[in-house]
Structures are given as C-alpha cells and as structure tokens.
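What follows is a single chain, given as structure tokens, in the form predicted alone.
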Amino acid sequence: MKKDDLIVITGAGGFIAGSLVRYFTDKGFTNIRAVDIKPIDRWYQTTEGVENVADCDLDLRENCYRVAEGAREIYNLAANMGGMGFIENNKAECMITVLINTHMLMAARDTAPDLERFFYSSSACAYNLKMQEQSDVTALKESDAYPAYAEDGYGWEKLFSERMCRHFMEDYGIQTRVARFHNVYGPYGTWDGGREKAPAAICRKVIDAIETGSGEIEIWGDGEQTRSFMYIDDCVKGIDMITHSDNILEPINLGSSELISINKLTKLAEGYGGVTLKRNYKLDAPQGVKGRNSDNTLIKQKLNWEPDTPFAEGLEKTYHWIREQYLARKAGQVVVE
C-alpha cells in the first residue's frame, strides 16, 4: 500500500468504522473514502482530509459500485445493528444487512481491479447459542460456529456473509479477511437511544442516577450474565493486523478474553461516579445469551498478539467521555448519541 492508495471504509459515521478512519489517517494515509447512510451531522466523528460520502444507502447496488470504484482496500463495517434490545426486536432489519455485504463484494469484484484486501466485520453473535447457556461459559473458539445455531436475525446474517467472503475469495481471488468482533466499546460510541451496548448503557444509567438524584439503576436480567468487552483502540489495531496478514484466511476472533459480569460492570461504573445505587433487575428485558467469551488461542498463534486493554482501564475512559456528552446535552448543546 502506498500512502495515496484509495481506502474505502463503510459505516464510517458509526463508532468502529469512524475510529478506523482516524486510525489510518494517523498512520499517514491520505486517500480515504468514508461512507455512511446517515447525514454528516449525525456521524459520531469525522476526520479532516477525508472524502466523506454521507446519505449513502449501501443496501442499493449502484451505491456500492460507486463508492468501491478504484479501491485498493475495502473495509466493510456498515450494518443495521445495536445492543441486545435492538437486535432482539429488529431481526428483519438486521437480516437485510446481507444486501450490503453482497453488493460490496460484487462491487469489489467488478469495479476495483487493483484491490488488495477486503475486510468484513462479523460478530460473536455468529456462534452456536447452545454453547453460551452458562455465565461461566467456556471461551468460544473459531470452530464453535458450526454446527450453526447463530443469534436469530443478526447472527445468521453475519454467518451467511462470512460464507460469501469465503466463496468470493475461492471463486474470484478477492483476498477477504473476516474478524468476529466481541462487544466493542469506548469513546465516540453510541451511548443512548436504544442501540447502545452494555458498557455505554450502564455508564449512562449511573451518570443519570447521579444527575437526577434517583439513587437507582435498572439492569436488564439478573446481572450475572457475562461477556468479554474489547476496547476500541485494540479493535482498530486488530483490524489492521488481520487485514494485512497472509495466514488468516478464515474468520478469526477479535476480542478480549477477560470475562466480565454485568454486575461487575455496574460496580466499576458506580466507582467512577463515587456512588452505590439501588439495583432494580428487569428480568423480562432482552439480555441475550447467558455467557460469551473469546478464545484467543488462534489470534495469538497467528499474530503473536491479542486485545489486551484491561476492562477497568477502558471503561473508565468511556465513562468520563459519556459524562461529558451527557452534561453537554443537559446544557442544551447538540451531541450525537
């Protein structure tokens, strides 16, 4: 890659892809096309010197062909997704995302003859649900996606799109790379409105309890459900390393192996706010699988690296960033939630 080769990043108005745009800009790349369906004033972050293509619906084939033309690398992170509340209540919308990856792969094949790499962001939701029924879950290794029994809607779309990437590599020679993300969090992410994930939701709820003086927090489920959470800086570094590897030709885990319960997450957030809140457990709320963790054996073997930011360290940064956004909104400023 030369510094002025065209890099196309879809979903760039969102959290992870927006951070990836900044990451490659900081590395000195000068020809980045950032694409998102949202108007530019609703992007979580924008980076100076980047070609921003807003209001661009990549469900539509012609838009994918337009933005992919001449690309040297494509990072496809565009998707209809959110936290567990959104995923469980919008299965059809999540499934429709299959159009984006299908059309982007076709566009890569037909309009980018010099393409070096095509990265696709999959998810741990692609894993077999029957292996995630206990909070002290055994960490999931890549082969555990089969026999297939993925998260309904979102997980099945991811699994299908992974296969698309595999077959486009086999049939057309497109060098695809696929990473299964495990719960990415950090500053510049969704923190309110229904699409936020657990770390941001809990931080916001603690801040809201402090600011309103309610002294209470609602937690979905019994709080014993567990997850691993990956800090955004680890995520974008991992995307870069996986994409440019020559020996990762199958989907690979990209996530922390530090298992955290929702109760522990809440306790950490309370600590940053200097409070102890009454916990109201909403047992009928969407809560997903009981436990999910990332087995990082393969990524350590292939890259001699794994995401390693301690959760307490990353969550503290996230908490203080969300507090800034919360207080700015409270003061009447326009913020992206």
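All residue numbers refer to positions in the sequence shown, first residue = 1. On a predicted model such as this, the values are computed, not experimentally measured, just so you know.
The same protein also exists as the form predicted in complex with nicotinamide-adenine-dinucleotide; that form is not shown, yet it is the one meant from here on.
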If contact means a heavy atom within 4.5 Å, which one of 145-153, 115-123, 166-174, 214-222 is the stretch that engages nicotinamide-adenine-dinucleotide in the predicted complex? 115-123
Although the partner isn't part of this model, could you tell me whether L77 comes within 4.5 Å of nicotinamide-adenine-dinucleotide in the predicted complex, counting any heavy atom of the residue? yes
Decide whether A34 counts as a contact residue for nicotinamide-adenine-dinucleotide in the predicted complex under a heavy atom distance cut-off of 4.5 Å. no
Is V289 near nicotinamide-adenine-dinucleotide? Define near as a heavy atom within 4.5 Å, in the predicted complex. no
Is A200 one of the residues lying within 4.5 Å of nicotinamide-adenine-dinucleotide in the predicted complex, judged by heavy atom distances? no
Using a 4.5 Å heavy atom cut-off, are G13, I16 and K38 all in contact with nicotinamide-adenine-dinucleotide in the predicted complex? yes
Could you work out which of Y44, F311, F29, Y272 is the residue within 4.5 angstroms of nicotinamide-adenine-dinucleotide in the predicted complex, going by heavy atoms? Y44
Could you spot which one of T243, T266, T190, T226 gets a heavy atom to within 4.5 Å of nicotinamide-adenine-dinucleotide in the predicted complex? T190
Going by nicotinamide-adenine-dinucleotide in the predicted complex, which residues of 41-57 come within 4.5 Å of it through any heavy atom? Y44, C56, D57
